[in-house]
Each structure stands twice: as structure tokens, then as C-alpha cells.
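Two forms of the same protein chain are encoded below as C-alpha cells; each is given separately, as structure 1 and structure 2.
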Structure 1
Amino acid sequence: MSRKTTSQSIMEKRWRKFKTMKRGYYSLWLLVSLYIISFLLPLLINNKPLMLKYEGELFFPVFQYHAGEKFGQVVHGEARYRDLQVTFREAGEGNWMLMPLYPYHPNESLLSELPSEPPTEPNGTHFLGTDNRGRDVFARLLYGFNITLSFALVVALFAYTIGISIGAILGFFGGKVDIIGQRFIEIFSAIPFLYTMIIISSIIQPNFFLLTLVMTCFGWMGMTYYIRGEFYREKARDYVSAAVSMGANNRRVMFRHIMPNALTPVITFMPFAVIAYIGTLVGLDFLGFGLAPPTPSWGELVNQGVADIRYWWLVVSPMAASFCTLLMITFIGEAIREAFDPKVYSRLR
């Protein structure tokens, strides 16, 4: 009982300390809110109106398919709402619609609307220009943010949990456990990634879940080396002996006492790992094992940009996006590290 209250107060203390690191704190808020907003993108960036009133009746096309004929539009299939909006406005018969803030869908080729051949440069209508078949880059970038970040975060979470646990066990127990465990990791890390992908993709079509699973399986090994090293070092310190002599069991020593001190490399690498996983998704796209087209992804944009670097906006947008993500995660990581640091002053004098 008493143990619980202490740990809570430690967490509170850390949280309070975390809040004092301004840039880390704000980065966290920004990133979390952006990520949450990204789930609501279909309401913000879309080519279908949120609400539409036609001849006295209300429709919600963003949630439901409506044929164009229903609104008196001569098209095949679904209404072309941007055109319809113009028609409504010109006719002035009391029909109206409420379009999302940015009225373009990420998978919509605007070939017949664009003034010139795609890719077109950024302008007032298309904030980041269009890609090589006239799709809006801004829309694709933001939709891609959700997919890409989800992938990276999920993989990072699982890979780190596995990697840290195993590394901790190896480093803490040492001896035979370490030697045998390390051999297994060495064997496991020799599995050729590309061939495994080929084998898997010949059996099933890669989807989001599968890709995260595979990346987790291949991603946890690197962290074990660092954690194992840290544990080796920390184990020799006095406080560990003290904890042991006070009768703390192994799990408690490992995770309560050593772990907080061994997290430096983890926190340092976390932002890089997240970006590296984003990079892996780019790489998988490049090799043709990525998500099925036309899923919006940053990797696909980078690939297009590299195919012809004169279209700078295709390269710069995803790279700037991943840079900002990296910066935010790094600031968060730094703040966490300092929050976890039990010393009052962590700087020289």
C-alpha cells in the first residue's frame, strides 16, 4: 500500500519536472493533438461536403454515397461536389453545401481540373502542389502522417518493449543466460529481411498489421545490445548491491532500480528509431512491399520526388514533415530523460 503511494508521488514529481521543460512539454502537446486530429481528417480534408441541402432535404455525403443524379448532376456515379457547389451557387435556389476546410481528397486525380500537366507547383489552391498524376500533395501528406506515425509508434512501442526486456535480462543475469541469449539473438538477427518479405508477400498481401508485425520482429534486436551494456555497467554500482542486500528480488532490482538509470540510450534512440521506422516504410514502398496503392504514404511521395528532383515540393514536403516529427519527438525524449533523472542539477555546476 505504502509502496504504491511512493511510486505515484515519484511519477507526479517526474511529470511536474517534465512540465518545466518547455520545449519538450509543448512538443508533446503538439504531437499528440496533431495525431488525434489526424484521425478526423476525413472531416477536414475531403472532396465530399459535411452537409448538403438540396430541395429542402439534408444530406451528409461525407458519410454516405450519393449518386450525382440525385442532385440533378449529369455524371456517372458519385456526385462531383465541387462542381455541384458552383452550380448551387450560380443557380441560387436555396441549395447549399458545407465543404470541409480543404476540399480535396488524397486519392483524387485532378487531371481535368489542373491548369497544366502535373506535377504542378504549390499555389493558393493546392498548398503543396500536386503529384505526378495530379493528386493534392497537402492532402496526401496529412493523411500519410496518420498512417506513417501510427506504423512507427506501434512498431517502436513493441520492438522497444521486447528489446528492453530481453536486453535487461541478458545484462542483469549475465553468465550463461547472457551467453546463450546472445547467441540466439545473433542467429535471429541473421535472418534476411528481404527474403522474408518476399516469402510473406507471396502468401498474403501486405497490410498495415502485417507490416507492423514484421518490422517488430526485425526491429527489437538492436536495442538489446545497448540495454545489456547499460545493465552490465549499472549492476556493478553500489546502489544495486544495497538494494540486493535489502532483500529486493531480481525483478524489483531490474525494473525499479537499474532500469531508470539505464534508459539513456533508449530515450536517445527512441526519436531516431521512430524516424527510422518511417524510413523503413519508405524503403518497403521502394521495394514494392509497401501498402497497396493508392494508400497515401510519405514514402510514395519521396519516391516520386526522387524520380524527378526538379519537382522539389515532392521531396521537400515529406522530408520537412519527417524532420518536424523527429524534432518534436527528440524534444519530448530529452524532457523525459531529464524528468527521470533523480539529480537536482543535471548540468555542470
Structure 2
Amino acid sequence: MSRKTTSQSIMEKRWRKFKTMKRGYYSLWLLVSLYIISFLLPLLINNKPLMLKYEGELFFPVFQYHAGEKFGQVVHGEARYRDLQVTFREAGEGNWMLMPLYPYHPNESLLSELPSEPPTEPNGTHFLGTDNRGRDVFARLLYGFNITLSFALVVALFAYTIGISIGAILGFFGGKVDIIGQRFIEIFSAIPFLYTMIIISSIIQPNFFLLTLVMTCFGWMGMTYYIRGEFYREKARDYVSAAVSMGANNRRVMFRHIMPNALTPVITFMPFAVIAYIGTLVGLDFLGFGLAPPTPSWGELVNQGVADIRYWWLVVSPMAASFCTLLMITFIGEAIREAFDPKVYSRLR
């Protein structure tokens, strides 16, 4: 009795191999889950209630601004909802509010609520203490995770798109196109990144989009070399000659036939590029050339802690978060590299 077998594509084999690398597989799911949850932080960690009932009317302050006078508070600007919650509880008039799980905002100054001058040590109210401006470190740490990882992913996406496109053109056409392109890349790569950031920071305050643009301009060159080499190798294959003989134009040969077979280094190096971009952002924030205050930033917290080592939680907290994040990405990168190893699953098997 013959045993029925089903053929698997090379990507299915690679995914199956990836799942056997348990630490990389579980790190991928954990990191993706945490990143998705980080977009829900305004509903989980915030100083605004999700729902508020006042005098029989429902309000949703997390989505809409409400002045303090609207709820009977004598304050300027938006209502102070934690104080208002205490007032509702003491009055017992049926007014209530539903606060997030952790009722503090990362940019909110808590100077009037702290028992002493900030920074204050971790306690039951503020899990990781407060920084030198009286802001909750736990809230800033989690919001910083979303910003840091988003920055790294966006830069990797745009930098790799540019690098792949230019590398494909250089490798496919070769000749003068390759020579001129290589000289341009060498000139561009000689520009010092840190000095450029210092000059830009002295002229304009960097923000997320400006930093993304600058990092993309400096980050695309590395992948160009790998894709260029892959295209040089692949365009000599028989399947490319067959496609050309059948009348396929250059664009179809490049992106339909060669590109799918040249993406192995892209997928393999992507996690390690994300690690590099995370480290770059943390380093820039630490030096003061990164995201503008009061944006939650791991590097800015470390800078505060290094300024006075007595405030150990300002160093330990962001460094631990950075270590765990980079460790998970490293595990993912190792698993991907193992799964895409050509010695394990070559194109000829």
C-alpha cells in the first residue's frame, strides 16, 4: 500500500525549519503580540478615563478633550481625572468613571502628587518610579517600546526598499551603470552620520519623521551590496536565459524571475538591521540628538540615570527593556538564518 506524500514548496520547508527553532519561534510570537498590544496603550496606560458618567450623561474622555469646569472642578485646562474620581467616590451621587489599568500618562508631570522631590524610587503606585521631571517611568518605558520598534521597522522597510531597488539595477545591468553606481555609493557612505545629526539638530529639532528620513538615507547602502551580488549570480542562471529568449522584458526578468531568488540575504539580515536601528535611536536619544522632548525614549531615561547613578532605576529599567527586546530579535534572526541556510534547503532539492 503506497504512502501518500504531499510536496512542499521551499518556503513551506523553511517555515517548518523555523518552527523547530523554538526560542526564535516563540520570540517571534511574543514580540509580535507585545508590539500589537503597544498600540492599545492609550486604552491601558493613560490618565484619562475610558468612560465617565456625570449627572446621568456618559462621556469618553480618552477620545475627547473635556475642561475641568464641565465636571465642577476649579482648574484651568483639562480635567484632573484622578482627583475627580476621588471626588465622585466621596460624594456618592452616582457619578463614576472607568480608568485604565495604569492611570498615568507618560508625559504627565506628577510633581504635585509625589511625596518627595523627583526622581522617586519604585513603589506600589509607580512600578518603576518617576524620572527627574516627575513622570512615570513605567508608562514612558512601554510607550517608548512602541516608538522605538516602530522607528526601527519603518526605517528597515524604506532603507531595504531603496537598497534592493538600486542593488538590483546595478547587478542586472552591470557595466558602466554598476561602476558609476558603486562610486556614488562610496561617496555617499563616506558622509559621517553622527556629524550630520549634530548639524541637523543644531538647525531643527528632530522628530520621528525627520529621524526616519535621515536614517533611511544612511541605511540603504549596506543591502545594496548583497542584492547586487545576488543579481550578478542569478542572471547567469539558465532560467534567466530562458525568460529572455521567450521575450520577457528587463523589468519582468528582474522582478518576476530574479528577485524572488535573490531575497534570501534580505530576509536573513532584516532582524539584525532592526537591532542596529534600535541601537541607533537609543544612542541618539542618549546623546540628545534624537526625538524631541517630551517623547518617551529609552535613551533619554538612561541619560537621566547616568547623570546621577543614585537613581539606578532610570538606568536599569530602559536597559533591561532594551536587552530583552534585542535578545528576542536576535533569537528570531538566528532562527531565520538557520531556516534560510542554502546548505539545508537549496534551490535544487
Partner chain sequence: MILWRKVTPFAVLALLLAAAVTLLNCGGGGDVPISMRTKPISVMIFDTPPGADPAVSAELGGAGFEEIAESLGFSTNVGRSFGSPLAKKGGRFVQRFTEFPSTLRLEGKDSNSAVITAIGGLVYETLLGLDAETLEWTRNLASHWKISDDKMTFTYRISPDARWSDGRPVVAQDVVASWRLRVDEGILEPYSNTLFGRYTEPRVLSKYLVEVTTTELNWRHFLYFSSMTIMPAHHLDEISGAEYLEKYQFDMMPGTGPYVFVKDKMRKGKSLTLVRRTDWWQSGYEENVGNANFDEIKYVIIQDDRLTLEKFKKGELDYYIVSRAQWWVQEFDTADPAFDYLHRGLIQKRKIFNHRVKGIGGLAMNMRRAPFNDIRIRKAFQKLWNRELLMESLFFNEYEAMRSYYPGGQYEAPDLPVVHHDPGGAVELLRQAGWAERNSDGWLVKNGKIFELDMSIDQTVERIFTPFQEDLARVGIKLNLRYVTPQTMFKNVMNDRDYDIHYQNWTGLTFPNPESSFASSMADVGGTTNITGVKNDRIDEICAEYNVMYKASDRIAAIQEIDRILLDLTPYALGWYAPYTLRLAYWNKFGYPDSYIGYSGDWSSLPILWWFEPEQALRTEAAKKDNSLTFPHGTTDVYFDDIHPPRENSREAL
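Just so we're on the same page, residue numbers count up from 1 along structure 1's sequence. By rigid core we mean the largest C-alpha set that fits within 1.5 Å across both forms. It should be emphasised that the depicted structure is a prediction, and the values quoted were computed from it without experimental measurement.
S.K.: Sort out for me whether 1 or 2 is the form predicted alone.
M.R.: Pick structure 2 here.
S.K.: Core-aligned, is the CA shift for M270 between the two structures 2 angstroms or more?
M.R.: Yes, shifts by 2 Å or more.
S.K.: Once you overlay the rigid core, does the Cα of R89 travel 2 Å or further between the two structures?
M.R.: Where the cores coincide, R89 shows only a C-alpha shift between the two structures that is less than 2 Å.
S.K.: 2 Å or more on the CA of H257 between the two structures, with the rigid core superposed, yes or no?
M.R.: Superposed on the core, H257 moves its C-alpha 2 Å or more between the two structures.
S.K.: Once both forms share the same rigid core frame, by what distance in Å has the CA of F184 shifted between the two structures?
M.R.: A shift of 4.1 Å at the C-alpha.
S.K.: Having superposed the rigid core, state how many Å the Cα of G171 shifts between the two structures.
M.R.: On core superposition, this C-alpha lies 8.8 Å from its counterpart.
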